[in-house]
Each structure stands twice: as structure tokens, then as C-alpha cells.
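Below: one protein chain in two forms, given as C-alpha cells, structure 1 then structure 2.
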Structure 1
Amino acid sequence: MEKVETGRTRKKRNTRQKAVVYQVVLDSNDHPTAEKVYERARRELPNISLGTVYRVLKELSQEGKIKEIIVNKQSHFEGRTDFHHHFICRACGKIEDVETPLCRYTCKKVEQKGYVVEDIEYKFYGLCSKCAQKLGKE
């Protein structure tokens, strides 16, 4: 028996939930977790579920529209998808973007060997300036 195609076939759709979750990530400067994205998305869509947020974040990440950063086994998300680095404060957990030519230089060296680089992830760990000041380690 031949299966009839319906309009409800599984394909990636641009839903209202997806648009709101995407905008929340784009508007965030703090590399939020899925739970933080969920809290912020609920301001506009009170009925959105945490499961939907997780699914949409995964889709957006797979589509290359957002980037997932894993720190201490916890996923964080950001709208910047270009090559850049991150500094993670071990005291407060703050994640900041780091601009440095290290990434491009290393990438070129690897590509000279014939490799095709699709993604780069450098993470610097330590204390942010506020935490260093609090702990007297400036």
C-alpha cells in the first residue's frame, strides 16, 4: 500500500517558538543556558515548554544559526557563530567572548596541512576582573 504524503511531514519549520527562542539567544550577551533561554522566552510566549526550548536550541545549533558552548558539562548558547574564543571565570561562571588573532593564525597553520577546519573552540579559564579583585589576585 502506498503511503500518502500529508502536509504534516517532518521538516524543519520556522515556528513562532523558534523565532522567539532564536531572538532571545541573539539578544543575550551572557551566553545563557537552556533554562535561562526558557525563562526569557516565557515573557513573550508564556505557554512555551522547556522541552520545546531544548528542541529548538538543538535545531538552531545544528543549522549553524547559534553556537553551543559546553562548560562543565552544561550547555550555553550564543548568537555569534564566527570563530572566537571564550574566557570562563571559575569563581562566578561568567563567560565572555575573547577577541584574539590566535584562532585565525592556528586555523591557517592547520589548513596548510590540507585539513578543512569547520569549527574551533578555545576556552580560557581563570578569574574575571571582578572576582580577581574580590579575592585580591589582580
Structure 2
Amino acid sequence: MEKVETGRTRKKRNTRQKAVVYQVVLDSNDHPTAEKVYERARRELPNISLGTVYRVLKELSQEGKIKEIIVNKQSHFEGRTDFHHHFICRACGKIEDVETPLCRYTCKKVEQKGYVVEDIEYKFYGLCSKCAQKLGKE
């Protein structure tokens, strides 16, 4: 039997899994990977599956509620969604936020070529202060 499509309110479920994953990212300030988020979410929801974590993380990113940053070909996530960038320590792997003004000069130059800039990503690689000290005063 066909169902008449009313075109009205589409369902959009509000699941515990999504809420928990979101909260985990908001509560983390170490840019966790999906695996780490999974680990932490399981403390609250022991039966959550890794696939769900991946799907929800992607969803939240697309909704703009969290941000994905990719380091070493691996996704990391953070609750901060304002314009900022990252420093990655090659020794300990730590990812730290870096406040950088948008380089208007460069953007303008790119846009003059007819390009549309939608997102900008700066990454700084090197040694964090701790590792720099530890690895000797070169």
C-alpha cells in the first residue's frame, strides 16, 4: 500500500550516541582521533560502535559543530570552530592551537586569479617547547 507523502516534517532522530560523541569532543582539548573519541565515548556508552563514532563525527563536522583537522593522514577533532590554526610537534605528536590573523594579502592575490577561497589551513611543524628543551639546546 502506498503512503501519501505529506512533504511535512521529516524525522531527524536525536540519539544518545550523537549527544555523547559531541560532548566528548567538546570536553577534549587534545584534538583526539576517532579512535580516542570512541574510547572516551565508551566510558559513557559501552556498546557504541566505532562506525557510529566515525559517522557522527563526520555529521557534526558537516554541520559545523566541530572541526576536523588532519595530521599524518589521520583525522583529529576539536570543539573549537573559530578561525585558528595548528602547530604539530614532530617529537611528541602533540597538536596545539595557534592564533593567526588571516593573511589578506595572499587571499587577495589568489582571488584576483578568479579563484574562490572557501577555507584556509595553516600548519606549523617542529618541536614544542618541552621537546625542544628535552632534545638539547641545539
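Here the structure is a predicted model, which means the values were calculated and not measured. Heads up, when I say rigid core I mean the largest set of C-alphas that superpose within 1.5 Å between the two forms. Start at 1 and count along the sequence of structure 1; that gives the residue numbers used here.
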Pair member which, unlike the other, is the form predicted on its own: 1
Core-aligned C-alpha movement of Thr100 between the two structures, 2 Å or more: yes
Rigid-core-superposed Cα shift at Asp119 between the two structures, Å: 2.7
